[in-house]
Structures are given as C-alpha cells and as structure tokens.
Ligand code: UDP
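Starting off, we have a lone chain in the form predicted on its own, written out as structure tokens.
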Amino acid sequence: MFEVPLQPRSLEQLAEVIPQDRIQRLADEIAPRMREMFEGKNIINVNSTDKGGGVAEMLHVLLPLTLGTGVPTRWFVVEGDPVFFTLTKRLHHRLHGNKGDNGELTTVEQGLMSGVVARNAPELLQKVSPGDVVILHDPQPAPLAPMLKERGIAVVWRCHVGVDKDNEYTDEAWGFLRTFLEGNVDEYVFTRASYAPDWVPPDKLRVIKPSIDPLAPKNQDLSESDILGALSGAGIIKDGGFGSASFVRSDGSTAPFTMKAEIVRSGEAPTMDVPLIVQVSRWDPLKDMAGVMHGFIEHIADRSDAHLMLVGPSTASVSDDPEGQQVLDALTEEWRALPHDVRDRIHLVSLPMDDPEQNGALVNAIQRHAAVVTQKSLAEGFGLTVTEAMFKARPIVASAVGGIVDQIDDHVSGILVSDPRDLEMFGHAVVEVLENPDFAERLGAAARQRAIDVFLPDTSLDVWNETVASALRLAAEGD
C-alpha cells in the first residue's frame, strides 16, 4: 500500500465555471461545518489505483479541493498481484450482470482477496485512529472493512458500479462481498439506489452522483491551435504545420504537449477537416469497442466520410485491469480482418499513462475535436467520459444503461440508444448528428449546461457531509 501525495486546491479556482453563489455557499456553510467536524481527525480514501479509470480521476479532483477547505484528507492505494486483480475484475463483471471469465467466487477466493488486503493493511492501520472516517472504494479494498471496524473506525463503502436489475451473476458477486461488508460498514454510497443489494439497510444508503473537475487538464479550455497541435504532434491527425501546443497543469504551470500515441492503423492519419467519431474508454468488453467498430462499418461508413477513433489507455499502464490487453488484442485481430477501404478509416489509439495530466489533456483535445462522441457501453456504473464530453459541448450518442440515463436527456442533451446491442439504431443516431450540424450544436450546448448544473464538484458535497457525519455518529455508538 502506498499513499498518494495531495496538494490543496482553493475553491475559488472553480469560480470561473461554477456560479459564485454556489462557491460562496461552499465557503461559508459547508466547509466550516466540515472543518469543525474533522478537527484533529482525517478523511481517508482507499482504492486500488492512482491512475486510469474514473475513480482515480474523481479522487484527484475531490480530495485536493477537500484539503483546500481545511479538512484533513489522505489517499491510500491497495497494491495487488495479477491473481488479485483477475479476481477483482471477475467481481467487476458480475456486479454488472455479466459472467466475465470462468473463475469462481468461493471462500477460497475470499481468502485470497483477504490475504492480499491484509498484507497491505498495516500501512493504513498504523495511521488511522477513532474519529477518522475511512472511505473504501469498490470491491478491491472491501476486506479492510472488518479490520477497521474492530478498531472503532468509521467506515464508508463507496460502490461505483452496478446494474438496475439483478441476475445470477450479481447475486453471486453480492454474496461474495457481503461477508466483508455487512455489519462492518456504517454508510453505503451508490451512484444509483437501484444498484444497492437488498441487504443494505435503507437508512444507511446514500446516493451520490460522480462529478468532474472543470479546470483539470482533461477538461480545461483549449485553443483551436493547441488542440490541432496536440493531435498532430501525437500522430492522431495529419500534421498540417500547426506548430507547438501546450496545456496548464494542476499546479498552474504551462507544459508542452510531447506525448506520442500508440496507434494501430493501416492508412494515413486523417486531416483536420475529416469528421471524427470518438469513443474514449478503458479496453473493457463492457465498453463494447468492438460493437462501436461494427456499428460504424455496417451503418455509418457508407453514409458518411467520417473516421472512427477508439481511444483507451496504454494497457501496460493500468495495473488493476489485467483484461485490457486481451480486449485490445482481440479488437486488433478483428480490425486486421476488415476490408482495406473501411479499415483505413478506423484507428485504435492507446495513450501512455506515464504522465497522467498530459494523458488527460490529450483526451481533452481528442474529445473537443470530435464531431460525435459515443459511449456504447453494454453496462455502465456512471460513465464519466459522458459528463466530460458534455462539459465540452460535444454531441453525444450513448447507450441508455446505468448512470448514463441520469446524465443525458434524450434528444435534448444527447441521444440515448435504448438497446446497446442494436447496431442499426446506434448507427442511425450517429448519422443523424453528423448530417444535422444545427442539431449537433443544440445538443452540445444543452449538454454543457447540464454538466455545469449537475455534475461539478460542489453539487454532491452536502450529501457527503451528511454521510461522513452519520458514519462518525454510528461508529461512536458502536452500531
């Protein structure tokens, strides 16, 4: 286990995006209550990676802001081996209602998971004390819950995944996790109430929507010259003499774009004027990158001159997702079997993660340059890439699954595809946007306003305040 260093950020930095009355309320009402509650105490977050994926991104946003309000905040990361992460990936799939691999979830796997977490635990346990609140994120650190409970520490379990309707796979996964969590967690936090299993007490259930940092390199405003310079420098679009490009790091310094993308393609890079259909996500079968590719081939390519870009992290960089390389390899094999004319218009792009801020800034440039952003997930806990694209005023076509339906108002702030496996419906929606620039602009404008209204960091702090206060009270009562 290791601790992630955090630097405080002032709420006032968000004033250029968040309305001043919301900033003032944070500064005058919420922050003082939190400071009083946590005087001499800590809020400690634990997850399984500090880069790659939505959880790490949210923590990089919320924790420095929390620290900036004067509330002591720390972040620890559980480390594991490939066997551990294969097991937790199995849990990830089954919590989404899918089988995933053929592995089991028995007491043997519970013992394996507990053993790995127990080896991590001393680093955390020696630094926590009664009065602290520990927020455990997702299944990976769940075995910490009973260890913390024994020491009288308030525990919140924050689950970022789930599906609305349970089946045999979700039942199996929840039964597996129940052993660690039930009776050891003071408050449960889900993205949607329907994601919670029926054994979670209703009075301990909180619903909190994720949020994005509007000023992070991944979301900050970029000039057109910086967008084109970044994309051409990375090899994503053809170099048109755009010159150097830069972005602003979280510490306020300006940095040049130097990152080179790892790209699987057979033709030339598209020029700046070629419309791009873009999906950005992990290489995960539930994100259905292969389905996006086949939807493009069968229902978009012959009705548009657009190119398709499927963008994900370099698989060597994401330690808690061992399945990523397999998914990318399978997708590449499917791509190699395509006819040359359509294959030339499909680009598989992997972005290095050795500089997470520059990675985020390059994703930013890709999304801002996209004619259409898609998120054709088969299952989705929330889908932060949707909110990110909304904030950038991009027209979005996404599956009507999970938390995506909480983000997009169909045909107002994006287009929802009711059946994520219906490639014809997906293709028709994308073409509808490509063929109607005015419609696309209206979708994008409405999407940005909704992101500002609902999905910026201040919008959930009230509920978090109530959640940690309740967890502290219950832990003190020994509930």
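Just so it is clear, the model here is predicted, and its values are computed rather than measured. So that there is no doubt, residue numbering starts at 1 and follows the sequence shown.
One more form of this protein, predicted together with ligand UDP, exists but is not displayed; see below.
Although ligand UDP is omitted here, in the model of the complex all of 53, 351 and 384 have a heavy atom within 4.5 Å of it. At the 4.5 Å threshold, heavy atoms of residue 229 stay clear of ligand UDP in the model of the complex, well away from it. Although the partner is absent here, residue 363 lies within 4.5 Å of ligand UDP in the model of the complex, judged by heavy atoms. In the model of the complex, ligand UDP sits within 4.5 Å of a heavy atom belonging to residue 280. Not displayed here, ligand UDP is approached by residue 359 to within 4.5 Å at the level of heavy atoms in the model of the complex.
Just one of 74, 287, 368, 93 comes within 4.5 Å of ligand UDP in the model of the complex, counting any heavy atom, and that one is 287.
Out of the listed residues 403, 80, 312, 324, 312 is the one that sits within 4.5 Å of ligand UDP in the model of the complex by at least one heavy atom. With the partner left out here, ligand UDP still marks one of 146-154, 176-184, 118-126, 384-392 in the model of the complex; by a 4.5 Å heavy atom cut-off that stretch is 384-392. For the partner-free chain shown, just 218 of 213-236 comes within 4.5 angstroms of ligand UDP in the model of the complex, judged by any non-hydrogen atom.
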